[in-house]
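Here's a solo chain for you in structure tokens, the form predicted alone.
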Amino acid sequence: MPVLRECVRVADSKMMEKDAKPDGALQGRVALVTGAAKRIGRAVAVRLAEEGADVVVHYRGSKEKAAEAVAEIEKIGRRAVAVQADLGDVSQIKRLIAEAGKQFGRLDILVNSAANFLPASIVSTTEQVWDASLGTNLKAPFFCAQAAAPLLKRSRGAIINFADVGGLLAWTGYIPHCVSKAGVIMLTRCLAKELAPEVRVNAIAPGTITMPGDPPEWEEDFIKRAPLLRSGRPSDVAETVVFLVRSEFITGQVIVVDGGRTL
């Protein structure tokens, strides 16, 4: 009996050790998630850490939130670092990628999740709004991919771009936004051909996603529009990111995560 108890104790100890430090499918990988300080970007960063990845948490102005994201990832047992960069400046994008490589010695996953959502119709669209929409949503993902490509080729890594259903549906009150996200879809296809076979490139088009703190009327509206009769959660998007990172025979595709909203 003492021997049996000792075996059980050792087994329990090993189980606790395993729980404390994840040994997931992405063990040893390094991910850079743009816009990872809050909302969906943060959910993606944490989920990748749960799968075993170390994470570079990019932020522009949300320094405190980025520090919280780093602490959350470290609590999981993974390494994380927050790096500030204005993605509207290509020189800062290059610095961001270089810092990721310097901190961890490699880069396996780039998630281009940073985005804005600016309302603008044919009448109200200004040059400033147009440039802000396309700059953050389309220009930045391209130059992030360009800067990260050498590291990703070395590791045979993956890029996940964030489009959204606005890139598939015509929202007249959000013309620059829709154009930018439609551009992300074509950018994904171009990059997938350009970077193959070493790097896989896919996109996610979220829609009808709500988060804690969002106005309740948003969820009510989304439920009406989605055949699944519910709104989505950041975890739905994060799980799709993990799926695409793991799927080694998928490239150049756009996965719509909207509960059927676009049907």
Ligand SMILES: NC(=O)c1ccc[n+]([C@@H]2O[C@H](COP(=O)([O-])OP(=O)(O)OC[C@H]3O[C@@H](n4cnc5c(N)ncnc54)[C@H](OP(=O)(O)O)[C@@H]3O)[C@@H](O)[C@H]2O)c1
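Numbers for residues come from their place in the sequence shown, where the first is 1. The structure presented is a predicted model; accordingly, all values stated were derived computationally and were not measured.
The same protein also exists as the form predicted together with the ligand; that form is not shown, yet it is the one meant from here on.
Spell it out for me: taking the ligand in the model of the complex, does every residue among 28, 103 and 143 have a heavy atom no farther than 4.5 Å from it? No, none of 28, 103 and 143 comes within 4.5 Å of the ligand in the model of the complex.
Only one of 49, 199, 69, 40 comes within 4.5 Å of the ligand in the model of the complex by heavy atoms, so just point that one out. Spelling it out, the residue with a heavy atom inside the cut-off is 40.
Sort through 87, 160, 138, 80 and report the residue having a heavy atom within 4.5 Å of the ligand in the model of the complex. Only one listed residue qualifies here, and that residue is 87.
So which of 148-156, 185-193, 106-114, 72-80 is the stretch with heavy atoms within 4.5 Å of the ligand in the model of the complex? Comparing against the ligand in the model of the complex, the contact stretch is 106-114.
Hey, in the model of the complex, is residue 209 touching the ligand, heavy atoms inside 4.5 Å? Looking in the model of the complex, residue contacts with the ligand include residue 209, since a heavy atom lies within 4.5 Å.
Is residue 60 close enough to the ligand in the model of the complex to count, meaning some heavy atom within 4.5 Å? Heavy-atom contact with the ligand at 4.5 Å: present for residue 60.
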